[in-house]
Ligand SMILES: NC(=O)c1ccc[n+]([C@@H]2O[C@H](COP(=O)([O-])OP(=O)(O)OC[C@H]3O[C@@H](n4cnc5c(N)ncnc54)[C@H](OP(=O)(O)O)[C@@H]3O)[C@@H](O)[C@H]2O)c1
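Taking the form predicted alone, here's one chain by itself in structure tokens.
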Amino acid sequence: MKNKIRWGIIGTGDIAKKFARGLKELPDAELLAMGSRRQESADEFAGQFGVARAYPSYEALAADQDLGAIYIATPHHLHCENTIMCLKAGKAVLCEKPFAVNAAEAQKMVHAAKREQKFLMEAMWTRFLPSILRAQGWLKEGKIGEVRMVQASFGYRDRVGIAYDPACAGGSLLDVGIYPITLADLAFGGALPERVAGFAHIEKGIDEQAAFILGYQGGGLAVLSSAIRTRTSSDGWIMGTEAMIKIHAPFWRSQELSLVKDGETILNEKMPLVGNGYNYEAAEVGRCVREGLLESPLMTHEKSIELMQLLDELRDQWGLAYPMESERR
């Protein structure tokens, strides 16, 4: 295919594997190369997914002149460094969420993309799913009236891994709290909250669980939570003056919506994912690159920075900073 996007992936973890599976659903995309810090890891990943080129360093992958786009799937604290390196190498970049550790890093990344005139997008895959796009359509059609409240939580239980490492910017807020915050952002039409309040249980330098409320102009509220040591319910609710939208669990990759009024479901739609869902964000990158865009209208640079500023504000309230964050303060 003449305009096929040839991808590289930096990182070999679970999220990299999910993205690699998603790419297989796109006829106009090809996973050509992958890079790791060890040749053995690169070779193992390449063998598992039939990738032609395996590099023993991130720098070597970024230098591959045949690549059109690179997916950053490294731990949080490496996102800024890896993204800027790939942009300087002339590649479009899709960086896994959270976009960065803090807003200062996010601004550096956006500045680099503009300086190099290369596409950059945060990989918040939920924004591109059919169910979420349909929910936004229902809101625009006024099916629930005025949005007044959002409720959502993303919590799982895991006592191992980088989510528990402050040196990797671990914790529940950056790892999964960004999902309920994203749902609130979409429900309130991208408006910024006027008030932010939250509580967190901090243990060994990371937030193991957190609850936060966002207050919007006109009185709208988002009641949200995140956890990495507590399993939580995972439906998402958008509540209006006339009805409610239930985004069936798990809301961040939902395949079903219900419109609920006076306790009764009056409309239900099932929207099965094509592939594993990661293909939708990759397709958006391909579309934007082919059209010569430097950012996606569905996940703008400004929005990524705004959401990082919100995460910063919550962590400031908790007195939570990571070892690499001397610059932010």
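When you see a residue number, it is the position in the sequence shown, counting from 1. As the structure is a computational prediction, the values presented were derived from the model and not from experiment.
Another form, the form predicted in complex with the ligand, is not on view; read the next lines as being about it.
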> Does D316 reach the ligand in the model of the complex if we count a contact as any heavy atom within 4.5 Å?
Replying inline: no
>> R37 versus the ligand, in the model of the complex: is there a non-hydrogen atom within 4.5 Å?
In response: yes
> Is W125 close enough to touch the ligand in the model of the complex, meaning at least one heavy atom pair within 4.5 Å?
Replying inline: yes
>> Residue-level contact is defined here as any heavy atom of the residue lying within 4.5 Å of the ligand in the model of the complex; does P98 satisfy this criterion?
In response: yes
> in the model of the complex, which of the stretches 21-29, 5-13, 316-324, 303-311 has residues with heavy atoms within 4.5 Å of the ligand?
Replying inline: 5-13
>> Which residue, S131, T74, S225, T182, is the contact with the ligand in the model of the complex, using a 4.5 Å heavy atom cutoff?
In response: T74
> Just one of I144, C168, L214, A200 has a heavy atom within 4.5 Å of the ligand in the model of the complex. Which one?
Replying inline: C168
> Looking at the ligand in the model of the complex, do all three of L78, I162 and Y278 come within 4.5 Å of it through at least one heavy atom?
Replying inline: yes
